[in-house]
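Next comes just one chain, in structure tokens: the form predicted on its own.
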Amino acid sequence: MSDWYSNVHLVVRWLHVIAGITWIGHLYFFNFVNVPLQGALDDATKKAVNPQLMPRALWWFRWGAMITFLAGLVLFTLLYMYTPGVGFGPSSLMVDADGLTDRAMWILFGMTLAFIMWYNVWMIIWPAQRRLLTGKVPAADIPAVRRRAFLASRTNTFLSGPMLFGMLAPSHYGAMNSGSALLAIGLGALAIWCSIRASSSVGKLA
């Protein structure tokens, strides 16, 4: 318990993971469950259901994204930009005799995608949904605003697969090169594409 670095590290990692589960879980809910559902509802049902559903879901969605993002920055600093007993600066996980480590390249790959996703949530998806929920969008503009939010959300869904690969690879994979990066992008995008395809047929099978 006297090792403050290990304890802070564990708490921040736990917070990062549980907030990430909340964020990505809601992202998948919106894309795999809610999008097909909304297409099957008539306008009267949407007016009854969405004011109760969407504000709650969007609250957990956006704050899950924010806490994941902030905790991730702290975690990155603890691991890659700080050395216990030495102080702040690139650690041995960040650079070695050959320069930037493979582990650092993987985490920076994942962080770049995560930042794009965070930006989409807070700068595109949430502002659009807030305007829609408060009735501040002119009727003629509603389809375009909905489409913009949908495309940002769908982009995040496809980015989430490679992003999660990049977050896990530093501890479980190691080597980083153009081939492994393309593998991460391909496997991640394929997994999401298959999930989207499956989500369109689940309701028919239920």
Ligand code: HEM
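Computed from a predicted structure; not experimentally measured. When you see a residue number, it is the position in the sequence shown, counting from 1.
From this point on, the text means the form predicted together with this ligand, which you will not see here.
**Q** Considering only heavy atoms, tell me if Leu73 and this ligand come within 4.5 Å of each other in the predicted complex.
**A** So Leu73 counts as contacting this ligand.
**Q** Determine whether any heavy atom of Asn177 comes within 4.5 Å of a heavy atom of this ligand in the predicted complex, and answer yes or no.
**A** Taking the distances in the predicted complex, the answer for Asn177 is no, it never comes within 4.5 Å of this ligand.
**Q** With the partner left out here, check for me: in the predicted complex, does some heavy atom of His172 sit within 4.5 Å of this ligand?
**A** Contact with this ligand, yes.
**Q** Taking heavy atoms only, is Ala114 within 4.5 angstroms of this ligand in the predicted complex?
**A** Because a heavy atom of Ala114 falls inside 4.5 Å of this ligand in the predicted complex, the answer is yes.
**Q** Under a 4.5 angstroms heavy atom criterion, identify the one residue in Val145, Leu164, Met54, Ala181 near this ligand in the predicted complex.
**A** Contact check passes for Leu164.
**Q** Considering non-hydrogen atoms and a 4.5 Å limit, which listed residue (Ile21, Leu190, Ala198, Val11) is close to this ligand in the predicted complex?
**A** In short, Ile21.
**Q** Based on heavy atom distances of 4.5 Å or less, which listed stretch (30-38, 133-141, 63-71, 146-154) is in contact with this ligand in the predicted complex?
**A** Going by heavy atoms within 4.5 Å, the stretch is 63-71.
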